[in-house]
Each structure stands twice: as structure tokens, then as C-alpha cells.
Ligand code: AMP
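Here you get one chain, nothing else, as C-alpha cells; it is the form predicted alone.
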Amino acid sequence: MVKVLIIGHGAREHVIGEALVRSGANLYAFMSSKNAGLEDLSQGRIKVHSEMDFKEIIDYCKLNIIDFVVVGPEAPLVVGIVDAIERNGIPCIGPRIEAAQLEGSKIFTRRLLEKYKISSNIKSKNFYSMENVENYIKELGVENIVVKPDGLTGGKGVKVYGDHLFSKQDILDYCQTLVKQKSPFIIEEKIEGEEFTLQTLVDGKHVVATPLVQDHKRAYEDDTGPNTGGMGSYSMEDHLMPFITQNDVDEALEDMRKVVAAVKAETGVEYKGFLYGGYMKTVKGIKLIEFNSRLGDPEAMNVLPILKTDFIDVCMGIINGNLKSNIEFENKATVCKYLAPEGYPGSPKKDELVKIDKNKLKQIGARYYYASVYRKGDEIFTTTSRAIGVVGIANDLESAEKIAEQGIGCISGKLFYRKDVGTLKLLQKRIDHMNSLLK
């Protein structure tokens, strides 16, 4: 039996762990805070310790004779966890440090896209001080500005004109704040369209697509409120979106293949692991918003539960560089709704009891994945971040949304969620928006 170590402590890692166990893995888990789902899946074979302590992780791998490691979160990836583990002869799913900079540095990514003439690139310029910032704002136009800190921000550092910044002064003030924090930043042109997530499996040469997903970053219904790590997501039974064609996907996938080749040409390192492309369909074609060097959270919860191909075989294909192109997924729609503590993201209520009717969830057919909660005895409590992802899977979106909604009804506590995620009404709004742009 294959012994696999998962690193990470969130809902993304919970669903990765589930997919590994479903394929017959003996699961081990290494996490900075205890995830009750991973604890159960690994039958208590866990270590709770900093995910950034590479020596401790390597010692744990050697002690338990781990066959391979899967790294869930981005923070250890961008500082070289894969390099450290592989130097000790243990295969690892995830990009090495140079390749992980696709997520770790927005400046690195935009420079790479520009140098290798990748068509999904957009206008941008990087800054280390306030010098020339005003000139560039003038060049793009105040209303066309997006400001992004260079490093990891957990999806919360990006500020967009019209959403978070409402004047030239707001833009300058935010840039000044970043300069004071000694954080390099990038100013990009604001693009308009509909976002979609293309998560891929990469073995260094081959890039294989998984079903398209659309995430909902805003905290409240109708896409209002502050940005979050993601309040929910959905995927369609045909693995596309009503406003995204197969040609659009082919274009984005070809783009990602070129980027993987560019990373190898630029750094000498093959990109291996998961590569997440956050794209937008615009009047000027498919444009890149960001790359992530791992699976999405919540988007992993949409694709892994419907994976038909053995996940251990997929992982071995990534490790050995012979990933098969015919990886199969069920033709099902999925809806993931995230329960978060009341007051999230600004002032979340922590240490509140969450009650889960597991039997009823099972009867309904809804899946649930623990994110940032902790278990004390047999009880689950909130922390300050998203609590539980609830997933409905069915033959069509409407049915999947109903299952997710019924699943939410089996969980009680001081929690809130976006009821509109995965609804036909919100989907129609997306379709209408895209149609209005493409007129």
C-alpha cells in the first residue's frame, strides 16, 4: 500500500486526502493546525507542527517511510519545500522554488509572459518606490487601474479601481502604503469580463486540464463586500461554462503549456504539480489574471470528488513525467458553498460551537470538508477563517445547488454563507454580462 503524506491543514487538503484514500493510499498528514477531516482519513497518523519546518517534515517522512508527498498550500512551495524534500530522495507533488514563483511573484510572472510573448498577458509595470507611479496611472487612466503587491496575499491584497479604490488619491495612498511596507508591487490594466479557473495537472511537459470552475471571491451575495479566499464555486456537467467555449479553454490550455515551457527555458527547472490559471474572457480574448502553483480552495472541492481516474496513478504520472492525457472526470455539475464565521472576513466570531448532522448529510448526498475549524473532544469550533465547505454533486447545476443548500441545513452555528453561489439566477447574470460585452 502506498504511503502518502499530505502537507496542509485546510479544506483543499481535506479533499486531496479524500481522493488519495479513495485510491487506496495509507494517508499521513503534517499540518500547522489540526484538521479533523485529515485526522480521520489518516486514522490519526498526523503531526501538528509548522508547515514551514522542512527538517521536521523530512524527518517525519523518513520515520514513516513515506512513498511520496503532496503539498497543498502555496506558502511552503514558494520558499522551496519541494527542493528540500526531493533532495532527501522523497518524490513530491508540487513545483520547485523557481517554478513556484509563478504564484510567489507577480513581477516574475508578468516579465515571463512578456518575454515569451504569451498572448494572455496584459499591460503592467512593476514598482519598488513611488517613482513614475503617477505617470503610469496617467498612461493607463485612473479608472483602468489594479494594484497588486508582489508576494503572497491570500487573495486579499489586490485592490481594483471602482471596487476598493475610488480616486487617484486612493491609488497613490495604497501604493505609498506598500512602499512603506517595503513591498514591491505591480500596477496592471483593469480588464472586464467573466473569470474562470482552469486547474491543470503538470508533469514537466504535459499539461492536462480538469473541469472549469468559477469562484466567488466577494463575501456577500450579489458579489458585494470585501474580497475573501473564496465563498464558493461551481462547475458544470459538460466541464465548461455557458459563457466559455471549448475554443476558449483550448486557448487558455495552450497558453499554460507555453508558460510551462517558458519556466523551463528561463529557470532550467521543470514545472511539476498542479498549476491553476485564473483567466478572464474579455472582448480582447482570454486574459490571465493570476497563476497559482497549487489547487484552488474552494475549486479543488469541485474537481477532485468527480475524478474517475485513480488519483495515485495521476500523482505517479506527475512524478515520473509520464502523465496520461486521458484523465477522466464524471459528467456531473458541482456546487461548493463555504460556511464562514459570522463577521468574516473583518471581525469573525471565533471559538463558536458548530453542530454537524453527519447522518443527514450522508442521506442527502452532500459532501463536507473542514477548513479552519478545530475539534475539542467530539465538538467542532470556529476559528477566524472560513469554516466548512459543503459540496453538492448532481447531473445538472440546479440539482447540485439544491444538494449543497440542503447540506448547509445540516450544519448549525454562528455561521453565514452565500446562498446565491451556484444558482441559475446568478449564472444567468454572468451570461448576460458576457453577452453585453461581446455585442
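Position 1 is the first residue in the sequence shown; the rest follow in order. As the structure is a computational prediction, the values presented were derived from the model and not from experiment.
One more form of this protein exists, namely the form predicted together with adenosine monophosphate; it is left out here, but the text below deals with it.
Item to check | Residue (of Leu323, Ile137, Val146, Ala84) lying close to adenosine monophosphate in the predicted complex, criterion heavy atoms within 4.5 Å | outcome: In short, Val146.
Checklist entry - in the predicted complex, which of the listed residues (Glu194, Glu188, Asp248, Glu270) lies with a heavy atom within 4.5 Å of adenosine monophosphate? => result Selected residue: Glu188.
Next on the checklist: Check for me: heavy atom within 4.5 Å of adenosine monophosphate in the predicted complex, for each of Lys106, Val160 and Lys217, yes or no.
Outcome noted: Yes, the whole candidate spot contacts adenosine monophosphate.
Item to check | Candidate stretches 304 to 312, 286 to 294, 256 to 264, 328 to 336 - the one whose heavy atoms come within 4.5 Å of adenosine monophosphate in the predicted complex | outcome: That would be stretch 286 to 294.
Checklist entry - If you check in the predicted complex, is Met280 within 4.5 Å of adenosine monophosphate, heavy atoms only? => result Yes, Met280 is a contact residue.
Next on the checklist: If we define contact as a non-hydrogen atom of the residue within 4.5 angstroms of the partner, is Leu240 a contact of adenosine monophosphate in the predicted complex?
Outcome noted: Leu240: no, not in contact with adenosine monophosphate in the predicted complex.
Next on the checklist: Contact with adenosine monophosphate in the predicted complex for Ile122, defined as at least one heavy atom pair within 4.5 Å: yes or no?
Outcome noted: Yes, Ile122 sits close enough to adenosine monophosphate in the predicted complex that at least one of its heavy atoms falls within 4.5 Å.
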